[in-house]
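In the form predicted alone, a lone chain appears below as structure tokens.
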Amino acid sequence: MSVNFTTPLFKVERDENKCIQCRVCEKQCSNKVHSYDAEDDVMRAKDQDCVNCHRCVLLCPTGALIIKKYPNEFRENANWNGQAISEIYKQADTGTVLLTSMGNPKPFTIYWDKMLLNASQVTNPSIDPLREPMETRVLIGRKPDKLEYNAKGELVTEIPPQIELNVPIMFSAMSYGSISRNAHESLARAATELGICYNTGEGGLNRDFYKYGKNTIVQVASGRFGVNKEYLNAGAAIEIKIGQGAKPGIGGHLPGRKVGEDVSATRMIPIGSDAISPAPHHDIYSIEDLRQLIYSLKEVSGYKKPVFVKIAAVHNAAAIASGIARAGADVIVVDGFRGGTGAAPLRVRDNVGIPIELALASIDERLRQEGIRNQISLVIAGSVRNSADIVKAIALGADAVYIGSAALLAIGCHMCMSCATGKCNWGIATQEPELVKRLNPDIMYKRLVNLISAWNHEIQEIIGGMGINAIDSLRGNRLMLRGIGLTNKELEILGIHHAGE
């Protein structure tokens, strides 16, 4: 047997004076880190299998456990750090592509944190959202070039189909199979109560969730899993997924071990078979091909539903977005390189794509220059972390945002980045029945409602402080933004001034 050169990432520290050998940690850990040694009457831990999900720490009745970063370190080397060395050890040992989950953790610039918001003072007084009406409702969809009224003052212009959101937030695409039934139910129920939408992802829509259709966006991805006429008409909108931020240009892969009877029926594939999405749609090789699919989907849905097209944020995203708008899409979705995922090649996740802030600003500017910004709504995703990020996104030109990782954190995710294993201890990224039932949708949907309600209050406070009483009035108003600690080129792309100007 060859030597395993890889040291553990984390160390389990157990206070033997507090431990009562109740074995809760052993029962709760899906990675089998903890075990009971009957001979010595003590609990043992396999550090190398720990992913630091915190479940054992939080459920230990005596507080006997702490998880720490493993103390062994490689000799200091700015180029060959411990992570780079460990990754080579893993690939030399297995000969496989390194898979990972969630979003890009590298210390690239987070542009949301380099932008500051304006506030009103004397000449343009602020607005108190507790005492004055504030509007955070938005309509997502293609808008007409102008409105026409008859002699009675009645609107005669036909308005293209729209989605009404009480808050400019939606839950991102997370497929049934990659996350659990209970997680999906939590998202669907929360979206319904909040008056917003959630996205099915590329795994189809479980029959039990058709009742949430008015708050559902159904996705059509390259694998076309679960796609049929009934499915396309079940939701409020249809989204064509071309790419996602965590893995631009890469297809998807749901392992067969996650494809049980329920997932099989929903995705319309055999039980136990791998669900592999091709990198491209094999009927889309040009904007003209995309246009044909857009109108095919509009035709099958009776032109009653807006069609979204989702792309990853890449270097030429502005030109691509222009083509998508002219191809007849109603909404462009752009996903930045910090966007989360259930599984992606490590090298792709960490090195491909661009920040959503720069992509958003360049796309909005391009569409404005071409005089077609009103023809399409713009939704962004890719590590939107709080209400301030949302306000900044709208000021940069977004109509609304998708949130994924933040929504999962609200229902218990601890960002241990091991979703691809299917052993999520919190019942989210798993299909194991014993793990799925750990997530109670009756409780978790309320946590999502609480999160979005809190963010909505904060959005009202922020825009009220700007002297703005409707979120639509902020869209694309970059005068409300100032950069700090950014280069002139970054300020130019973002289209904002430096703080102090």
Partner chain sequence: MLKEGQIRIPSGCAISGIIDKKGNRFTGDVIMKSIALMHDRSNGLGGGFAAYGIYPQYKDLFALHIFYDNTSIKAQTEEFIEKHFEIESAGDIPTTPVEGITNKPLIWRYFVTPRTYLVRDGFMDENEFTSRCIIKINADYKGAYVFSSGKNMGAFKGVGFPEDIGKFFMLENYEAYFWSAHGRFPTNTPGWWGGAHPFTMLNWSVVHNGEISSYDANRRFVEMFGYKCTLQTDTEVITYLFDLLVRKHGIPIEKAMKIMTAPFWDDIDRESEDVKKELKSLRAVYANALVNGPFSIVLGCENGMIALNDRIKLRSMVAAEKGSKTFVASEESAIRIICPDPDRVWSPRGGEPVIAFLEGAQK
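Positions refer to the first chain, counted from 1. The model shown is predicted, which means the values in this text are computed figures rather than measured ones.
Below, we refer to the form predicted in complex with the partner chain, which is not included among the displayed structures.
- Partner contacts here mean any heavy atom within 4.5 Å of the partner chain in the model of the complex, and among 159-167, 381-389, 271-279, 309-317 they occur only in 159-167.
- Under a 4.5 angstroms non-hydrogen atom cutoff, the partner chain in the model of the complex has Asn477 among its neighbouring residues.
- In the model of the complex, the partner chain lies farther than 4.5 Å from every heavy atom of Asp262.
- Of the heavy atoms in Gly302, none are within 4.5 Å of the partner chain in the model of the complex.
- Although the partner is absent from this view, Leu59 stays clear of the partner chain in the model of the complex, with no non-hydrogen atom inside 4.5 angstroms.
- Comment: the partner chain is not present in this chain, but in the model of the complex one of Asn31, Ser473, Asn52, Asn440 has a heavy atom within 4.5 Å of it, namely Ser473.
- Between the partner chain and the residues Ile372, Met415, Leu99, Ile354, the one pair within 4.5 Å by heavy atoms in the model of the complex involves Ile372.
- Applying a 4.5 Å heavy atom cutoff to the partner chain in the model of the complex picks out Leu139, Lys143, Pro144, Asp145, Lys146, Leu147, Tyr149, Gly153, Leu155, Glu158, Ile159, Glu164 from 139-170, in order along the sequence.
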